[in-house]
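The chain below stands alone and is given in structure tokens; this is the form predicted on its own.
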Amino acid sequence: MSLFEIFRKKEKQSANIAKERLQIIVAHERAARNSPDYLPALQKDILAVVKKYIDIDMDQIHVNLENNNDSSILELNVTLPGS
């Protein structure tokens, strides 16, 4: 085994890792591209209404949009402060 063969194996491994990371990024971008244009504004408005009544941290809010065949589901999960 020569010194060059050792370096070639590492290059193949790093190339595979880079390829996997690129696939994840592309999948994320495709998902973002398919979301409606009004979604960020809608999320902002909903959060403003929730914050009007409850003092919450933005990290306690999770918004998810699911697309089915003929409908879309907007899911809003808010962790309310304990009483």
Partner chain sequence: MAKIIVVTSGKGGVGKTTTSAAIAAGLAAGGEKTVVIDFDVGLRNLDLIMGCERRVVYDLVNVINGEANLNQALIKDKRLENLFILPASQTRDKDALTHEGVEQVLNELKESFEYIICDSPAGIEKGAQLALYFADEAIIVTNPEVSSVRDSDRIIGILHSKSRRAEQQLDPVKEQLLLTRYDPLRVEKGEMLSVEDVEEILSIPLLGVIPESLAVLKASNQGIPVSFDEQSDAGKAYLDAVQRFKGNDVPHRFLEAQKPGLLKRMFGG
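Since the model is a prediction, treat every value here as computed from it, not as a measurement. Residue numbers count along the first chain shown, from 1.
Omitted from view is the form predicted together with the partner chain, to which the following refers.
- With a 4.5 Å cutoff on heavy atoms, D57 does not count as touching the partner chain in the predicted complex; it lies far away.
- Taking non-hydrogen atoms only, K19 approaches the partner chain to within 4.5 angstroms in the predicted complex.
- Remark: N64 does not count among the residues lining the partner chain in the predicted complex, judged by a heavy atom distance of 4.5 Å or less.
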